[in-house]
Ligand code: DGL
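Below you will find one chain, with nothing else, as structure tokens; this is the form predicted alone, and questions on how it binds or moves follow later.
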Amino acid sequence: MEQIPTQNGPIGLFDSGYGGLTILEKIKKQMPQYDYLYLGDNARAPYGSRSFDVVYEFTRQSVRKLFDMGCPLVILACNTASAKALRSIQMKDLPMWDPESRVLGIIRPTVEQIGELTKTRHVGILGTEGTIQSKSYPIEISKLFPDITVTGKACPLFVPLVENSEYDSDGADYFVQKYLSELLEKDNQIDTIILGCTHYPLLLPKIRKFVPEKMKIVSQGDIVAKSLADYLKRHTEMESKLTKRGHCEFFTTESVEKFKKSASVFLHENSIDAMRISLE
């Protein structure tokens, strides 16, 4: 595939669905001056239970699309894509496409904060099946904090609850309590829980109901936003390529009306416009 000419443009954010909008919201709040382009592969979501090869190929297509649309920097605002595709794209694809462009994930920035948060050195991860099976969090945490014990729990029904607007329903209580109980039964010394899926912040009020009051719950949005701001301060060559008009555009591979309705819940905005695109 031919190289992508380097150009100035917006920051691209990709997610298989809507959860990445929780990351976008915090990044925009931290850095409102930049332009953003959000791409949701909603037609093929969720990615959580898909194989490594499929997640890599789907993510690769979306990253390439964002590069083709002028984004010099792309954030994988999706834990599953960060776990299963980021390293391959960085090592295999970027050198061919454009060595000066960048793709960043959201797992590493989250992990970097954990050492300061846990006192017991026992951490829990709530995530999709794909994120938990990849063991990306335990691997990355062990590199920085080898003394921390990590326990993961897949929560396959959390994303459907959120995407069907059932996250604040009474029915959600049962599954939130079930998954949290199973996690803490595995390790009752856990004092910090990472929400390892960008959908899960919408379940935060429910999660807090079923954990001890002093339990730390780590939501990724603010962490990723601060990490990106720091990255751009340290990499002025990339920062200079980013356009700054305060614009934000949304693209989806699914129904535009469905996207606009769901996105308004995640972004707490009513007037969201979007366009449908194809990745094939």
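Note that residue numbering follows the sequence shown and begins at 1. The model shown is predicted, which means the values in this text are computed figures rather than measured ones.
Below, we refer to the form predicted together with the named molecule, which is not included among the displayed structures.
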| query | finding |
| --- | --- |
| One stretch from 109-117, 85-93, 125-133, 178-186 that, in the model of the complex, holds residues within 4.5 Å of the named molecule by heavy atom | 125-133 |
| 4.5 Å heavy atom contact, Gly221 to the named molecule in the model of the complex | no |
| 4.5 angstroms heavy atom contact with the named molecule in the model of the complex for Val159 | yes |
| Exercise: Gly48 in contact with the named molecule in the model of the complex, heavy atom 4.5 Å | yes |
| Close approach of Ile194 to the named molecule in the model of the complex, 4.5 Å, heavy atom | no |
| Those residues of 72-94 which, in the model of the complex, come within 4.5 Å of the named molecule by heavy atom | Cys78, Asn79, Thr80 |
